[in-house]
Ligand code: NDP
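The data below hold one chain only, encoded as C-alpha coordinates and taken in the form predicted on its own.
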Amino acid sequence: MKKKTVGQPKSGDGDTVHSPLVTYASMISLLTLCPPFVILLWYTMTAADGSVSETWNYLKQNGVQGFLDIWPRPTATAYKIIVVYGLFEAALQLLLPAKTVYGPISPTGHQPVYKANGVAAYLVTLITYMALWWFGIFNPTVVYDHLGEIYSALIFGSFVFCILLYIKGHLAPSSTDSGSSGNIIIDFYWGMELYPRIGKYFDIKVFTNCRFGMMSWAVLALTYCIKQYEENGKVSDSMLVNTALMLIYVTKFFWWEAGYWNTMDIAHDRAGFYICWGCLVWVPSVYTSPGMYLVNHPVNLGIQLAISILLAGILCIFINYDCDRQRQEFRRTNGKSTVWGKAPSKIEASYTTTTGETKRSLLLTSGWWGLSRHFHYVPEILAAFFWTVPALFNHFLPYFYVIFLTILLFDRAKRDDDRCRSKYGKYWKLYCDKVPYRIIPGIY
(Lines give C-alpha, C1' and ligand atoms only; values in the text may rest on other atoms or scores of the structure.)
Protein backbone atom coordinates (compact mmCIF):
# COMPACT_ATOMS: atom_id res chain seq x y z
CA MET A 1 0.00 0.00 0.00
CA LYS A 2 1.37 3.42 -0.96
CA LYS A 3 2.00 5.95 1.76
CA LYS A 4 0.35 9.34 1.88
CA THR A 5 2.49 12.45 2.01
CA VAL A 6 2.32 14.79 4.95
CA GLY A 7 -0.37 17.44 4.50
CA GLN A 8 -2.65 15.37 2.27
CA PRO A 9 -6.06 14.12 3.30
CA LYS A 10 -6.24 10.60 4.62
CA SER A 11 -9.18 8.30 4.62
CA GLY A 12 -10.54 7.57 8.01
CA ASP A 13 -7.34 7.60 10.07
CA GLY A 14 -6.85 11.17 10.98
CA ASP A 15 -4.90 14.06 9.62
CA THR A 16 -6.43 16.16 6.90
CA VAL A 17 -5.25 19.50 5.63
CA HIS A 18 -8.25 21.04 7.36
CA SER A 19 -11.26 19.70 9.23
CA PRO A 20 -13.54 17.59 7.00
CA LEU A 21 -16.11 20.43 6.90
CA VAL A 22 -13.58 23.02 5.73
CA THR A 23 -12.01 20.53 3.32
CA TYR A 24 -15.30 19.79 1.59
CA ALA A 25 -16.37 23.46 1.68
CA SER A 26 -13.13 24.51 -0.02
CA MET A 27 -13.49 21.77 -2.63
CA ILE A 28 -17.07 22.73 -3.46
CA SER A 29 -16.15 26.43 -3.56
CA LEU A 30 -13.22 25.99 -5.93
CA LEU A 31 -15.07 23.58 -8.18
CA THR A 32 -18.30 25.59 -8.43
CA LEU A 33 -17.63 29.24 -7.58
CA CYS A 34 -14.12 30.02 -8.84
CA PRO A 35 -14.72 29.34 -12.58
CA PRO A 36 -17.66 31.75 -12.84
CA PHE A 37 -15.84 34.26 -10.63
CA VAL A 38 -12.94 34.38 -13.11
CA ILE A 39 -15.37 35.31 -15.89
CA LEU A 40 -17.19 37.86 -13.73
CA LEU A 41 -13.86 39.42 -12.73
CA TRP A 42 -12.82 39.75 -16.37
CA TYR A 43 -16.24 41.16 -17.36
CA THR A 44 -16.30 43.68 -14.53
CA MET A 45 -12.77 44.91 -15.16
CA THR A 46 -13.12 45.22 -18.94
CA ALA A 47 -16.82 45.90 -19.60
CA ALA A 48 -18.35 47.24 -16.38
CA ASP A 49 -15.83 49.97 -15.56
CA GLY A 50 -14.50 47.93 -12.63
CA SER A 51 -17.78 48.45 -10.78
CA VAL A 52 -19.07 45.50 -8.77
CA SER A 53 -22.43 47.24 -8.34
CA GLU A 54 -22.82 47.63 -12.11
CA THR A 55 -22.18 43.92 -12.65
CA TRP A 56 -24.51 43.06 -9.76
CA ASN A 57 -27.31 45.20 -11.21
CA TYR A 58 -26.84 43.57 -14.60
CA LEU A 59 -27.09 40.09 -13.10
CA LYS A 60 -30.08 41.09 -10.98
CA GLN A 61 -31.94 42.32 -14.06
CA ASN A 62 -30.94 39.51 -16.42
CA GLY A 63 -30.53 36.54 -14.12
CA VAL A 64 -28.82 33.31 -15.11
CA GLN A 65 -29.38 33.94 -18.80
CA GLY A 66 -27.60 37.27 -18.49
CA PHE A 67 -24.62 35.53 -16.93
CA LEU A 68 -24.57 32.93 -19.71
CA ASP A 69 -24.70 35.74 -22.26
CA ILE A 70 -21.53 37.39 -20.90
CA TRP A 71 -19.62 34.10 -20.58
CA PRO A 72 -17.37 34.12 -23.68
CA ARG A 73 -17.19 30.92 -25.67
CA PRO A 74 -13.71 29.45 -26.15
CA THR A 75 -12.53 30.15 -29.68
CA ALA A 76 -9.92 28.71 -32.01
CA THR A 77 -7.85 31.87 -31.52
CA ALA A 78 -7.90 31.44 -27.75
CA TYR A 79 -6.88 27.80 -27.92
CA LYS A 80 -4.16 28.63 -30.45
CA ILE A 81 -2.67 31.27 -28.14
CA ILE A 82 -2.77 28.90 -25.14
CA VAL A 83 -1.31 25.92 -27.01
CA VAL A 84 1.51 27.91 -28.65
CA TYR A 85 2.39 29.55 -25.34
CA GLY A 86 2.24 26.24 -23.45
CA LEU A 87 4.37 24.39 -26.00
CA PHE A 88 6.90 27.23 -26.05
CA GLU A 89 7.27 27.17 -22.25
CA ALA A 90 7.46 23.36 -22.20
CA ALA A 91 10.22 23.44 -24.83
CA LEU A 92 12.18 26.02 -22.81
CA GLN A 93 11.78 23.92 -19.68
CA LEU A 94 13.15 20.85 -21.44
CA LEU A 95 15.77 22.29 -23.79
CA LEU A 96 17.44 25.30 -22.18
CA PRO A 97 20.76 24.65 -20.42
CA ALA A 98 20.16 23.94 -16.75
CA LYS A 99 21.84 23.32 -13.45
CA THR A 100 20.81 20.15 -11.64
CA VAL A 101 19.04 20.84 -8.36
CA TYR A 102 17.81 18.32 -5.81
CA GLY A 103 14.52 18.82 -3.99
CA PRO A 104 13.79 17.84 -0.37
CA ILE A 105 13.63 14.16 0.49
CA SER A 106 9.99 13.10 0.79
CA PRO A 107 8.57 11.01 3.67
CA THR A 108 8.87 7.93 1.43
CA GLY A 109 12.57 8.61 0.84
CA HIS A 110 12.19 9.92 -2.71
CA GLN A 111 14.26 12.94 -3.76
CA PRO A 112 13.16 14.77 -6.92
CA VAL A 113 15.77 16.07 -9.35
CA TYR A 114 15.10 19.31 -11.23
CA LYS A 115 16.51 21.20 -14.18
CA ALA A 116 16.96 24.74 -12.87
CA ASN A 117 16.70 27.05 -15.88
CA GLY A 118 13.90 29.35 -14.76
CA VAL A 119 15.81 32.62 -15.18
CA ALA A 120 16.84 31.69 -18.71
CA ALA A 121 13.27 30.66 -19.59
CA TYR A 122 11.96 33.93 -18.12
CA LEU A 123 14.37 36.11 -20.07
CA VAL A 124 13.83 34.22 -23.34
CA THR A 125 10.04 34.46 -22.88
CA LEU A 126 9.96 38.22 -22.26
CA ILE A 127 12.54 39.06 -24.92
CA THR A 128 10.71 36.91 -27.48
CA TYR A 129 7.33 38.44 -26.60
CA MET A 130 8.60 41.99 -26.85
CA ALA A 131 10.53 41.24 -30.05
CA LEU A 132 7.39 39.80 -31.69
CA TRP A 133 5.60 43.07 -30.90
CA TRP A 134 8.51 45.36 -31.81
CA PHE A 135 9.01 43.77 -35.24
CA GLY A 136 5.29 43.61 -35.99
CA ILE A 137 5.09 39.80 -36.04
CA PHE A 138 2.51 39.49 -33.26
CA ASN A 139 0.60 42.22 -31.44
CA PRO A 140 0.06 41.43 -27.74
CA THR A 141 -3.19 43.42 -27.86
CA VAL A 142 -4.66 40.32 -29.52
CA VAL A 143 -4.22 38.54 -26.18
CA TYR A 144 -6.07 41.31 -24.34
CA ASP A 145 -8.83 41.48 -26.96
CA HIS A 146 -9.42 37.70 -26.60
CA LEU A 147 -8.81 37.59 -22.85
CA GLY A 148 -12.30 36.43 -21.92
CA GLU A 149 -12.15 33.64 -24.48
CA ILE A 150 -8.69 32.66 -23.22
CA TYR A 151 -9.89 32.46 -19.61
CA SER A 152 -12.92 30.46 -20.70
CA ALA A 153 -10.73 28.04 -22.65
CA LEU A 154 -8.36 27.74 -19.69
CA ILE A 155 -11.23 26.98 -17.32
CA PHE A 156 -12.44 24.03 -19.37
CA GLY A 157 -9.05 22.91 -20.68
CA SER A 158 -7.49 22.88 -17.21
CA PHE A 159 -10.39 20.79 -15.91
CA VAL A 160 -9.63 18.18 -18.58
CA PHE A 161 -5.92 18.43 -17.73
CA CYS A 162 -6.69 17.64 -14.08
CA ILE A 163 -8.80 14.64 -15.09
CA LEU A 164 -5.81 13.32 -17.05
CA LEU A 165 -3.59 13.87 -13.99
CA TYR A 166 -6.05 11.87 -11.90
CA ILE A 167 -6.00 9.00 -14.41
CA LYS A 168 -2.19 9.12 -14.61
CA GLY A 169 -1.96 8.95 -10.82
CA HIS A 170 -3.97 5.73 -10.88
CA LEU A 171 -2.37 4.06 -13.88
CA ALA A 172 1.20 5.36 -14.14
CA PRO A 173 2.47 7.22 -11.05
CA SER A 174 5.94 8.71 -11.44
CA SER A 175 7.24 7.93 -7.94
CA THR A 176 6.39 6.32 -4.62
CA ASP A 177 4.92 9.66 -3.50
CA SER A 178 1.47 8.80 -4.78
CA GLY A 179 -1.66 6.96 -3.76
CA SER A 180 -5.38 7.19 -3.17
CA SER A 181 -7.33 8.42 -0.17
CA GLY A 182 -10.16 6.10 -1.16
CA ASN A 183 -12.39 9.07 -2.04
CA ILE A 184 -12.60 9.97 -5.74
CA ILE A 185 -13.53 13.62 -5.09
CA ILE A 186 -10.65 14.19 -2.67
CA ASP A 187 -8.24 12.41 -4.99
CA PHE A 188 -9.27 14.62 -7.90
CA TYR A 189 -9.23 17.80 -5.83
CA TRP A 190 -5.99 17.31 -3.86
CA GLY A 191 -4.27 15.08 -6.41
CA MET A 192 -2.88 11.58 -6.67
CA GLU A 193 0.83 12.36 -7.11
CA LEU A 194 3.27 14.62 -5.33
CA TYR A 195 5.81 14.67 -8.16
CA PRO A 196 4.09 13.73 -11.46
CA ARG A 197 6.36 13.72 -14.47
CA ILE A 198 6.29 12.98 -18.17
CA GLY A 199 9.45 11.06 -18.89
CA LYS A 200 12.45 11.64 -16.66
CA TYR A 201 12.85 15.42 -16.77
CA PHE A 202 9.51 17.09 -17.50
CA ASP A 203 8.09 17.89 -14.07
CA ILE A 204 4.39 18.71 -14.39
CA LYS A 205 4.10 20.89 -11.29
CA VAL A 206 7.12 22.97 -12.30
CA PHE A 207 5.35 23.54 -15.62
CA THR A 208 1.91 24.39 -14.23
CA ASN A 209 3.05 26.44 -11.23
CA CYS A 210 6.16 28.15 -12.57
CA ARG A 211 6.47 28.07 -16.35
CA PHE A 212 2.77 28.51 -17.20
CA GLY A 213 1.24 30.22 -14.16
CA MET A 214 3.98 32.56 -12.92
CA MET A 215 5.33 33.20 -16.42
CA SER A 216 1.87 34.23 -17.62
CA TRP A 217 1.78 36.80 -14.81
CA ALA A 218 4.74 38.62 -16.35
CA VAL A 219 3.49 38.16 -19.93
CA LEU A 220 0.05 39.57 -19.09
CA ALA A 221 1.55 42.48 -17.13
CA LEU A 222 3.41 43.47 -20.31
CA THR A 223 0.27 42.83 -22.38
CA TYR A 224 -1.78 45.28 -20.32
CA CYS A 225 0.95 47.90 -20.57
CA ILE A 226 1.20 47.50 -24.36
CA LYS A 227 -2.59 47.59 -24.74
CA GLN A 228 -2.78 50.91 -22.90
CA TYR A 229 0.02 52.28 -25.06
CA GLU A 230 -1.69 51.15 -28.28
CA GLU A 231 -5.00 52.67 -27.16
CA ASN A 232 -3.74 56.01 -25.78
CA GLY A 233 -0.35 56.52 -27.41
CA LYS A 234 1.28 56.57 -23.97
CA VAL A 235 1.50 54.58 -20.73
CA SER A 236 0.27 56.20 -17.53
CA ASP A 237 2.61 56.43 -14.56
CA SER A 238 0.16 54.28 -12.56
CA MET A 239 0.43 51.49 -15.14
CA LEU A 240 4.23 51.85 -15.22
CA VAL A 241 4.44 51.47 -11.44
CA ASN A 242 2.06 48.49 -11.47
CA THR A 243 3.91 46.75 -14.31
CA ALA A 244 7.36 47.47 -12.91
CA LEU A 245 6.53 46.07 -9.47
CA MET A 246 4.85 42.98 -10.89
CA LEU A 247 7.83 42.30 -13.16
CA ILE A 248 10.30 42.83 -10.31
CA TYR A 249 8.30 40.41 -8.16
CA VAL A 250 8.13 37.73 -10.88
CA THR A 251 11.83 38.25 -11.66
CA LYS A 252 12.53 37.65 -7.97
CA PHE A 253 10.44 34.48 -8.14
CA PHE A 254 12.42 32.99 -11.02
CA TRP A 255 15.72 34.03 -9.45
CA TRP A 256 14.59 32.07 -6.39
CA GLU A 257 12.73 29.32 -8.30
CA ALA A 258 14.85 26.47 -6.92
CA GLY A 259 13.93 27.63 -3.43
CA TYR A 260 10.25 27.51 -4.37
CA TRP A 261 10.67 23.79 -5.03
CA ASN A 262 11.18 23.37 -1.27
CA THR A 263 7.91 25.07 -0.36
CA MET A 264 4.52 23.63 0.55
CA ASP A 265 3.16 24.06 -3.00
CA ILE A 266 5.72 21.68 -4.46
CA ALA A 267 7.00 19.54 -1.59
CA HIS A 268 3.70 18.87 0.21
CA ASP A 269 0.64 19.72 -1.95
CA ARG A 270 -0.11 17.11 -4.58
CA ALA A 271 -0.78 17.84 -8.24
CA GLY A 272 -4.56 17.99 -8.27
CA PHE A 273 -7.31 20.46 -9.09
CA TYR A 274 -6.41 22.65 -6.11
CA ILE A 275 -2.85 23.39 -7.22
CA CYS A 276 -2.91 22.82 -10.98
CA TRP A 277 -6.21 24.46 -11.88
CA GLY A 278 -5.27 27.32 -9.56
CA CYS A 279 -1.94 27.92 -11.31
CA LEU A 280 -3.30 27.44 -14.84
CA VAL A 281 -6.40 29.65 -14.40
CA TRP A 282 -6.49 31.57 -11.11
CA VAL A 283 -2.95 32.98 -11.30
CA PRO A 284 -3.25 34.42 -14.85
CA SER A 285 -6.69 35.92 -14.17
CA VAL A 286 -6.75 37.04 -10.52
CA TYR A 287 -3.10 37.78 -9.82
CA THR A 288 -2.84 40.11 -12.82
CA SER A 289 -6.22 41.80 -12.25
CA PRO A 290 -4.94 45.19 -10.95
CA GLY A 291 -3.17 45.68 -14.29
CA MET A 292 -6.25 44.51 -16.17
CA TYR A 293 -8.24 47.28 -14.44
CA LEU A 294 -5.64 49.97 -15.19
CA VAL A 295 -5.77 49.36 -18.96
CA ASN A 296 -9.01 51.35 -19.26
CA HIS A 297 -8.57 53.41 -16.08
CA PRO A 298 -5.23 55.23 -16.34
CA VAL A 299 -4.43 57.28 -13.25
CA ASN A 300 -2.01 60.18 -13.20
CA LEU A 301 -0.13 59.82 -9.92
CA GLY A 302 2.52 62.46 -10.46
CA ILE A 303 6.25 61.83 -10.26
CA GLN A 304 6.60 62.13 -6.47
CA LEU A 305 3.75 59.76 -5.57
CA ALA A 306 4.64 57.29 -8.34
CA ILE A 307 8.28 57.08 -7.22
CA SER A 308 7.24 56.76 -3.55
CA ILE A 309 4.92 53.83 -4.32
CA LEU A 310 7.53 52.22 -6.56
CA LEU A 311 10.29 52.44 -3.92
CA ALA A 312 7.99 51.16 -1.17
CA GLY A 313 7.01 48.20 -3.36
CA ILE A 314 10.62 47.42 -4.28
CA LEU A 315 11.59 47.50 -0.58
CA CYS A 316 8.83 45.01 0.26
CA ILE A 317 9.86 42.69 -2.58
CA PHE A 318 13.48 42.87 -1.44
CA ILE A 319 12.59 42.04 2.17
CA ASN A 320 10.45 39.13 0.94
CA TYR A 321 13.41 37.89 -1.11
CA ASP A 322 15.88 38.42 1.72
CA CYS A 323 13.73 36.35 4.09
CA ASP A 324 13.89 33.40 1.70
CA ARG A 325 17.59 33.98 0.97
CA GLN A 326 18.40 34.05 4.67
CA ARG A 327 16.72 30.71 5.33
CA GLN A 328 18.16 29.09 2.18
CA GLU A 329 21.69 30.16 3.12
CA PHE A 330 21.15 28.87 6.65
CA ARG A 331 20.09 25.48 5.28
CA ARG A 332 22.81 25.36 2.62
CA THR A 333 25.58 25.93 5.19
CA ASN A 334 23.97 23.61 7.74
CA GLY A 335 23.46 26.50 10.16
CA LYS A 336 26.99 27.91 9.82
CA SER A 337 26.08 31.13 7.94
CA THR A 338 25.80 34.48 9.67
CA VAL A 339 22.41 36.11 10.13
CA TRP A 340 22.45 39.90 10.32
CA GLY A 341 26.18 39.70 11.05
CA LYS A 342 25.85 37.21 13.92
CA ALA A 343 25.91 33.47 14.42
CA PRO A 344 22.33 32.23 13.91
CA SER A 345 20.08 31.18 16.75
CA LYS A 346 18.62 27.76 16.00
CA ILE A 347 16.90 24.66 17.30
CA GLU A 348 18.17 21.22 16.35
CA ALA A 349 15.15 19.04 15.66
CA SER A 350 14.75 15.40 14.71
CA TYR A 351 11.84 13.60 13.12
CA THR A 352 10.95 10.12 11.88
CA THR A 353 9.99 9.40 8.27
CA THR A 354 7.21 7.03 7.23
CA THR A 355 9.90 4.40 6.62
CA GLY A 356 11.05 4.65 10.24
CA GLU A 357 14.26 6.53 9.48
CA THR A 358 15.34 9.30 11.86
CA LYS A 359 16.28 12.60 10.22
CA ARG A 360 17.65 15.88 11.56
CA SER A 361 16.58 19.45 10.75
CA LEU A 362 17.71 22.88 11.86
CA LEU A 363 15.06 25.50 12.65
CA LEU A 364 16.23 29.11 12.30
CA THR A 365 15.08 31.38 15.14
CA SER A 366 16.92 34.63 14.40
CA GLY A 367 17.00 37.30 11.70
CA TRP A 368 13.70 37.68 9.86
CA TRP A 369 12.75 34.23 11.14
CA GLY A 370 13.06 35.38 14.74
CA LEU A 371 10.41 38.07 14.22
CA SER A 372 7.68 35.55 13.40
CA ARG A 373 7.41 32.05 12.01
CA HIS A 374 6.13 33.30 8.63
CA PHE A 375 7.30 36.91 8.57
CA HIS A 376 8.03 36.68 4.82
CA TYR A 377 4.26 36.84 4.20
CA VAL A 378 4.09 40.40 5.57
CA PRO A 379 6.23 42.04 2.84
CA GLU A 380 4.58 39.81 0.22
CA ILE A 381 1.12 41.13 1.11
CA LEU A 382 2.42 44.71 1.28
CA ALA A 383 4.08 44.35 -2.12
CA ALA A 384 0.73 43.29 -3.60
CA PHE A 385 -0.87 46.35 -2.00
CA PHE A 386 1.74 48.68 -3.50
CA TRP A 387 1.31 47.38 -7.06
CA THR A 388 -2.46 47.73 -6.63
CA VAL A 389 -2.62 51.15 -4.98
CA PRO A 390 -1.78 53.00 -8.26
CA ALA A 391 -5.43 52.23 -9.16
CA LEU A 392 -6.38 54.41 -6.15
CA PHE A 393 -9.70 53.74 -4.44
CA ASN A 394 -12.52 54.43 -6.88
CA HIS A 395 -13.41 50.73 -6.94
CA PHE A 396 -13.01 47.82 -4.57
CA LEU A 397 -12.38 45.06 -7.11
CA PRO A 398 -8.72 45.85 -7.98
CA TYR A 399 -7.95 45.03 -4.34
CA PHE A 400 -9.50 41.58 -4.51
CA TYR A 401 -6.09 39.99 -5.10
CA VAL A 402 -4.63 41.65 -1.99
CA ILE A 403 -7.53 40.36 0.11
CA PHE A 404 -7.35 36.90 -1.45
CA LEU A 405 -3.57 36.74 -0.95
CA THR A 406 -3.93 37.71 2.72
CA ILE A 407 -6.48 34.94 3.32
CA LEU A 408 -4.39 32.44 1.34
CA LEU A 409 -1.17 33.16 3.21
CA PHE A 410 -2.78 33.20 6.66
CA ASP A 411 -4.34 29.83 5.82
CA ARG A 412 -1.03 28.54 4.47
CA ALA A 413 0.76 29.63 7.64
CA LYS A 414 -1.70 27.64 9.74
CA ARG A 415 -1.39 24.59 7.50
CA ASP A 416 2.40 24.78 7.62
CA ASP A 417 2.37 25.13 11.41
CA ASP A 418 0.05 22.12 11.73
CA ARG A 419 2.29 20.06 9.44
CA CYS A 420 5.44 21.04 11.34
CA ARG A 421 3.78 20.34 14.69
CA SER A 422 2.95 16.84 13.48
CA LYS A 423 6.43 16.37 12.03
CA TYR A 424 8.65 17.77 14.79
CA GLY A 425 6.53 17.27 17.93
CA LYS A 426 8.28 18.62 21.04
CA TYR A 427 10.87 20.45 18.95
CA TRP A 428 8.14 22.49 17.28
CA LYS A 429 6.82 23.47 20.69
CA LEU A 430 10.29 24.71 21.60
CA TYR A 431 10.39 26.63 18.34
CA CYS A 432 6.99 28.25 18.98
CA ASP A 433 8.07 29.20 22.51
CA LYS A 434 11.09 30.95 21.05
CA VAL A 435 9.23 32.49 18.09
CA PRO A 436 5.69 32.95 19.45
CA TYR A 437 4.11 34.95 16.62
CA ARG A 438 2.86 33.21 13.50
CA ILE A 439 2.95 36.10 10.97
CA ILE A 440 2.72 39.64 12.38
CA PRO A 441 5.28 40.31 15.14
CA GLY A 442 3.63 41.36 18.39
CA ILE A 443 0.10 40.81 17.05
CA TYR A 444 -0.47 37.38 15.48
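Since the structure is predicted, the reported quantities are computational estimates derived from the model, not experimental observations. The first residue of the shown sequence is 1; numbering continues from there.
Keep in mind that the form predicted in complex with the ligand is not shown, yet the notes after this line are about it.
Checked against the ligand in the predicted bound form, the residues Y129, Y166, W369, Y122 give one hit for a heavy atom within 4.5 Å, which is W369. Among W133, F318, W256, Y229, the residue placing a heavy atom within 4.5 Å of the ligand in the predicted bound form is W256.
In the predicted bound form, at least one heavy atom of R331 sits within 4.5 Å of the ligand. Using a 4.5 Å cutoff between non-hydrogen atoms, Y401 counts as a contact of the ligand in the predicted bound form.
The closest heavy atom approach of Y424 to the ligand in the predicted bound form falls within 4.5 Å. Shown alone here, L362 lies within 4.5 Å of the ligand in the predicted bound form, counting heavy atoms only. Taking the partner from elsewhere, no residue among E54, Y144 and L222 has a non-hydrogen atom within 4.5 angstroms of the ligand in the predicted bound form. Listed stretches are 370-378, 229-237, 81-89, 68-76; the contact stretch with the ligand in the predicted bound form is 370-378, by a heavy atom cutoff of 4.5 Å. In the predicted bound form, the residues of 380-417 lying within 4.5 Å of the ligand by at least one heavy atom are, in order, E380, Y401, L405, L408, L409, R412, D416.
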